[in-house]
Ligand code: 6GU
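Shown here is one chain on its own, the form predicted alone, set out as structure tokens.
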């Protein structure tokens, strides 16, 4: 590949003679030629700019000077022995360009034989230059390094040469490093890296990296990449392809607030928040849709419908949202679509919620006696497409955090629930969330009795 760089400061690019790019030039992998734009001026002062037509501050680089320079450079033949296949690209660094991304660099590395970089200065290059060459079958690429302005395009030109050049075969010694690095094929920021000494100023390399377990090391690195990307570039997480994600990957992403429902091409950013009155209609539909999934086989449709009408209708849900003793939390995407909800009854003071419904008032879990309210987790449901991907754990953590805020003055508040003894899926899920089995109860749905298993847990994590 050949790079031609046109600038009023051609001496700026001596930096490209060092490091990997310098070695690549020495080995003939790429060629970099710099040109002084002033060589194409025709006045004693070698002027390359003039005042803007229509008025305004600053100076604009002249189209006639750039036209003569680009005509000569674009027409010049590639040096003997260089590949002739591929496009010639006219690249123009400008704050008004599209962001320079790794995908764009990969495209240029694979499709271009020559990249001509026109480094503007002042207020930029006369807009007719790009328009002319684009209309004459020259691929133009106006790009920006970020949302800021530099004095000229020289730094951005160096960045393009580095970013594209390192992708050419033979420039980087270990091609695998191109896969795992930030913005690589995985579409993530790179995980933290470490080297010797193992301990430095009180900081130690994570033990997992010393374990010799390559599978655990790979998983640790992947999870740290997810965390770093979620923190610094959440937009990248929303673009990754879900096809290659494992169940563990999806659960890790769920911890960070990104869920992969069934059939989704990319992770969705989700939030757990308190329900609002404008959620009532959709929340009632979600409740009516999900409650039957937890019903045991012997329950009749009539009993299920009676229960929904009595406890999960729109008017009931509106009451729960408005009443101080209830907490309704929802799992919601950015468009407001609801994918899950929880409903908790909070007693006054350090009392017991659901004392008439089998609340385990005397339960002690893990040797930690209750010193605070016993809160009832009355309802906890996730929509079908969101099951098995970590959505329940994410919803529960948001609910637990909100309950802790409501009971912050108490040392050891508790949470309890009952679920049908035949619902093995729900029982397994509650155990994973940290609940312990503490008893049984009889719970009435419609006009039928049901045998429930009762679970409880301290609300604070040990």
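Quick caveat, the model's predicted, so the values are computed rather than measured. Residue numbers count along the first chain shown, from 1.
FYI, the form predicted together with the ligand isn't displayed, but the following is about it.
> Is there a heavy atom of residue 95 no more than 4.5 Å from a heavy atom of the ligand in the predicted bound form?
Replying inline: Residue 95: yes, in contact with the ligand in the predicted bound form.
> Within a 4.5 Å heavy atom cut-off, is residue 156 in contact with the ligand in the predicted bound form?
Replying inline: Yes, residue 156 lies within 4.5 Å of the ligand in the predicted bound form.
> Are any of the heavy atoms in residue 203 no more than 4.5 Å from a heavy atom of the ligand in the predicted bound form?
Replying inline: Residue 203: no contact with the ligand in the predicted bound form.
> Using heavy atoms and a 4.5 Å limit, would one call residue 152 a contact residue for the ligand in the predicted bound form?
Replying inline: Contact with the ligand, yes.
>> Only one of 285 to 293, 216 to 224, 368 to 376, 143 to 151 has heavy atoms within 4.5 Å of the ligand in the predicted bound form; I'd like to know which.
In response: Flagged stretch: 143 to 151.
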